[in-house]
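Starting off, we have a lone chain in the form predicted alone, written out as structure tokens.
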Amino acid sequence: MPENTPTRALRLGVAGPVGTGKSSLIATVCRSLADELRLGVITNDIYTDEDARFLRSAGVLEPERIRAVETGACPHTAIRDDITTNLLAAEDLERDFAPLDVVLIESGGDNLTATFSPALVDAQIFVLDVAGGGDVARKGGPGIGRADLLVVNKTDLAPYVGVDVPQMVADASVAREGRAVLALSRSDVASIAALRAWVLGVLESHRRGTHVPQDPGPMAPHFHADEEHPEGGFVHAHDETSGDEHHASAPHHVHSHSDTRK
């Protein structure tokens, strides 16, 4: 084994705007992997422990393996600016249930700029949902542009909200310069299997010591609509690494749309 092979759990952050389905995504991960991996969860809310209570009531893990952090401020402050509370919660959880394989850390609902500090998590998922509008993926931002995985969630609702899921995924792929995108529905077995495979792949890289946590940073590729481009603007980036340098081990274009054709 490489000398830098980690001995602690993979810490996986889940961020995204309010209502995109972060808690349900974590529940899906737990249901699909709890029989083979030792999991723990940390949730973040400003003044409540509602997300933790939701997950406990769903029965996805033993209640003691789900811990709540009340940030008392905008959610991004506790996942990026001052990670102390979350870091201590993760360390306590791993000590109490050692050894754990994966600790999932859910951000409170925030905007498109919310990202985790690489000092807190090893990899991060950013979650959008079709109910937020098919154009959201084009808007970019650090989470959309640079998270290890972008999830377009609740694809089963697309027919009811008038969203073209393949187009939304294509827009997301452009905004992410080819980094991994997954169209997900908790009622679509194929997309759940793809999410499960992605988590296992990152965990394997983490165990080998080959996964390097990335900092999405305050800026990401974005459009300047007033400048010339065949599509009505052009992608502009600030101090960003190339896609290969950023995440060479990530699977790309992980798509599943079977539930949108029901």
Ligand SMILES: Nc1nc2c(ncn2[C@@H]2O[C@H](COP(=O)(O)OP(=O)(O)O)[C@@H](O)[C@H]2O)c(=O)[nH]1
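Residue numbers here begin at 1 and follow the sequence given. For clarity, every value in this text was computed on a predicted model and none was experimentally measured.
The form predicted together with this ligand is left out here; the points below concern that form.
*Asks:* Out of Val189, Ala170, Leu157, Leu87, which one falls within 4.5 Å of this ligand in the model of the complex, going by heavy atoms?
*Replies:* It is Leu157.
*Asks:* Heavy atoms, 4.5 Å, this ligand in the model of the complex: which of 68-76, 135-143, 148-156, 171-179 makes the cut? Say which one.
*Replies:* This holds for exactly one stretch, 148-156.
*Asks:* Could you confirm whether Thr115 comes within 4.5 Å of this ligand in the model of the complex, counting heavy atoms only?
*Replies:* Residue-level check for Thr115: no, no contact with this ligand.
*Asks:* I'd like to check something about Ser185: if you look in the model of the complex, is any of its heavy atoms closer than or equal to 4.5 Å to a heavy atom of this ligand?
*Replies:* Heavy-atom contact with this ligand at 4.5 Å: present for Ser185.
*Asks:* Using heavy atoms and a 4.5 Å limit, would one call Arg11 a contact residue for this ligand in the model of the complex?
*Replies:* Taking the distances in the model of the complex, the answer for Arg11 is no, it never comes within 4.5 Å of this ligand.
*Asks:* Could you list which residues of 13-27 come within 4.5 Å of this ligand in the model of the complex, counting heavy atoms only?
*Replies:* Going through 13-27 in order - heavy atoms within 4.5 Å of this ligand in the model of the complex - the hits are Pro17, Val18, Gly19, Thr20, Gly21, Lys22, Ser23, Ser24.
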